[in-house]
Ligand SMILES: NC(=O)c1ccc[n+]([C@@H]2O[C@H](COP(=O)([O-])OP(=O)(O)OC[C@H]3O[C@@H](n4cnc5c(N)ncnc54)[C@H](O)[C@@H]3O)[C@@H](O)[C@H]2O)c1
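Here we start with a single chain on its own, the form predicted alone, put down as structure tokens.
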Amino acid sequence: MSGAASEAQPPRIAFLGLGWIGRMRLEALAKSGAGIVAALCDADASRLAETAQKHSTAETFSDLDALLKEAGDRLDALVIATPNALHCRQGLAALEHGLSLYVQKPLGIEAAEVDRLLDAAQTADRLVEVDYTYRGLSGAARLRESVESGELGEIFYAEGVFHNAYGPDKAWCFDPALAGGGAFLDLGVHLVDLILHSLDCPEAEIADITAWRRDLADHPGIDGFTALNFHLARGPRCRIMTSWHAHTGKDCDFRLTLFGSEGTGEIRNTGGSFFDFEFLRKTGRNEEILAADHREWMDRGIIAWSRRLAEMKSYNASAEINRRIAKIVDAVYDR
């Protein structure tokens, strides 16, 4: 479909990859009514059939080439939730057919892939967004507002941790050729994105990147623990730690803290939960909880993207943040 989507007609969207994440995003979009689930694609026949039972009006395909050839001109966009190494190739193919994209992170497993895909999106003039889920937290919006308003003063240091007591349960996640990395690429990129997004500096020069990585014993190239330091040339110094299976005494430990001259803003999970978060403003010895989230925040990203897509398909300059994130990813994995 060409031209801008009508506000009266939600965009027609195809879903590529129907694993846990893909199905969760699909169900959120369908429930919201912000988009039409128009096509389903997965190489796993049973998973495809199971999803199609709930979405009987959607066309079904076992591979992307067939989907694009047979249904591409009836679609507005493609949601990609496949192994990391496939994102660039699949995204380029969809852009060639004029589709906008919503892609599970990472956009590509190295900076060269991210550059290729974003350059192609600019040429095609199509909307591209990456599923940085934690932007959906109310606390993430509140943190950015605190920075923009000057409430926290000058931000001089950012610190983030994301420790997950569990690793992924899919074999491809431990294959460097398919995954492109381990805990940092799975978890750490969310923290990098939140820092850059909060500071509104997608084009900021990133300098002084240093990383220490401890790979899993049986999986070289797949990090189980990473400590990263980097410096924004026109902003704060930053430190991030991420892990799978580290001994933290809880299921999940998530914190992002921005230290400012007038106060500190912090997003953190509560009770070791993967789903419950709060945002705090700290001044001196005092702290105040200003926002709280439970499970609902996980659906906000794809719904907001679909609504933006209904208004405008054109390339969005905010996607440029992915080039900065990819530069850090390359440094972590010695690429």
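The model shown is predicted, which means the values in this text are computed figures rather than measured ones. Residue numbers here begin at 1 and follow the sequence given.
The following text describes the form predicted in complex with the ligand, which does not appear among the structures shown.
Engineer: Counting non-hydrogen atoms within 4.5 angstroms of the ligand in the model of the complex, say which of Q122, T264, Q90, S138 makes the cut.
Structural biologist: Contact residue from the list: Q90.
Engineer: So the ligand isn't shown here. In the model of the complex, which residue out of H219, H197, R239, K105 has a non-hydrogen atom within 4.5 Å of it?
Structural biologist: Contact with the ligand in the model of the complex is made by K105 alone.
Engineer: Select, from the options 229-237, 207-215, 78-86, 248-256, the stretch whose residues sit within 4.5 angstroms of the ligand in the model of the complex by heavy atom distance.
Structural biologist: Only one stretch qualifies here: 78-86.
Engineer: Any chance R25 has a heavy atom within 4.5 Å of the ligand in the model of the complex?
Structural biologist: Result yes; R25 sits at the interface with the ligand in the model of the complex.
Engineer: Is there any non-hydrogen atom of G17 lying within 4.5 Å of the ligand in the model of the complex?
Structural biologist: Contact check for G17: yes, within 4.5 Å of the ligand in the model of the complex.
Engineer: Is there any non-hydrogen atom of K170 lying within 4.5 Å of the ligand in the model of the complex?
Structural biologist: Output for K170 is yes: heavy atoms within 4.5 Å of the ligand.
Engineer: A319 versus the ligand, in the model of the complex: is there a non-hydrogen atom within 4.5 Å?
Structural biologist: Close contact is absent here: in the model of the complex, A319 is far from the ligand, nothing within 4.5 Å, heavy atoms only.
Engineer: With the distance limit set at 4.5 angstroms and only heavy atoms considered, check whether I21, R47 and T133 all reach the ligand in the model of the complex.
Structural biologist: Answer is yes for this spot.
Engineer: Can you tell me which residues in 179-195 come within 4.5 angstroms of the ligand in the model of the complex, by heavy atoms?
Structural biologist: Only H190 sits within 4.5 Å of the partner.
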